[in-house]
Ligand code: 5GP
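Next up: just one chain, as structure tokens, the form predicted alone.
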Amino acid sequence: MKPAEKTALKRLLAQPQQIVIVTHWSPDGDAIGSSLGLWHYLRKKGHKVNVITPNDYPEFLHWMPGHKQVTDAQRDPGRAARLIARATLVFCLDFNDLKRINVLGKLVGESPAPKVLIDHHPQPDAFARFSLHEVKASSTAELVYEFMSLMGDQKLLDKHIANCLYVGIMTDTGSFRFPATTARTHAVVQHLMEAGAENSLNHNRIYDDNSESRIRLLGFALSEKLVVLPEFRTAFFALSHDEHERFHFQKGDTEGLVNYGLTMRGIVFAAFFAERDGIIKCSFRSKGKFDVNAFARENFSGGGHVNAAGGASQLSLNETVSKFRKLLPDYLAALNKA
């Protein structure tokens, strides 16, 4: 954040504001952790604050302090619109393009309130007046911690904020194993734990609270739906709507499935195609230098990070898989260099 931006934003936050925090469609651990961490912090500074999500998020995140105060715009669009209309400041977390917040994008874009972007995705659109943007950051939650430091408010860090930010960092770093995990990340986590973040308990809350149906769905996907293409150093899964229904799918049940493809020796590119909500949702992961952000942008109307991205397809599931397989020869050189 530029010094002039920092000064102007500190001046704004020195007075009570009506603040809205928005995050991306299908929020994950970093989206919710960073949003609720910021919510607790701004409330401690005396602001009226509301978190709005474009739609619901997985049940394994519902334990987080502040969850019950989150407004789901899909369930209550009227309330979401009213809150944005009244806002004097809008924080945009964990997304870099207003299209990523679905119908909220138009409302936020038309709001006269200044926008504050806190994000780590590459190639952000220029819609925010204030920006704390760092592609090399492990997570948006880490950047919320840095934002508190920039505002001179580390002293306000408490157990609720620490747990929320810890979950955001933990989930977006794959439990601290992804390359974006830096020495600075661990230094931030140390401070969060000193402030009361419950590292072991948070891990259990996120990763060890599975339903039987979710475990059976994962087992089915791994045993019956895994396709390995060693000639392209690629593996993928594809699940139909009926297959989701067969295992009583709930939001979050396939979280992390795509990563299993990368656990195999020799595989550098993994994909997951899910038929849900009338479209095919695509998840892409990679190792090394293979850029799935570019792959998703070029072929599946998506984007994200170099090693983790998403997209969508309006084709049928079979047609989407066929398109994906036909694209692989064009990327063979890049896959071999990863």
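Note that this is a predicted model, so its numbers are computed, not measured. The numbering used is simple: start at 1 and walk along the sequence shown.
Below, we turn to the form predicted in complex with the ligand, even though it does not appear here.
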In the predicted bound form, which of 47-55, 32-40, 305-313, 60-68 comes within 4.5 Å of the ligand (heavy atoms)?
305-313
Within 4.5 Å of the ligand in the predicted bound form, heavy atoms considered, which of Arg214, His121, Lys115, His244?
His121
Under a 4.5 Å heavy atom criterion, is Ser286 part of the interface with the ligand in the predicted bound form?
no
Quick one: does Arg233 come within 4.5 Å of the ligand in the predicted bound form, counting heavy atoms only?
no
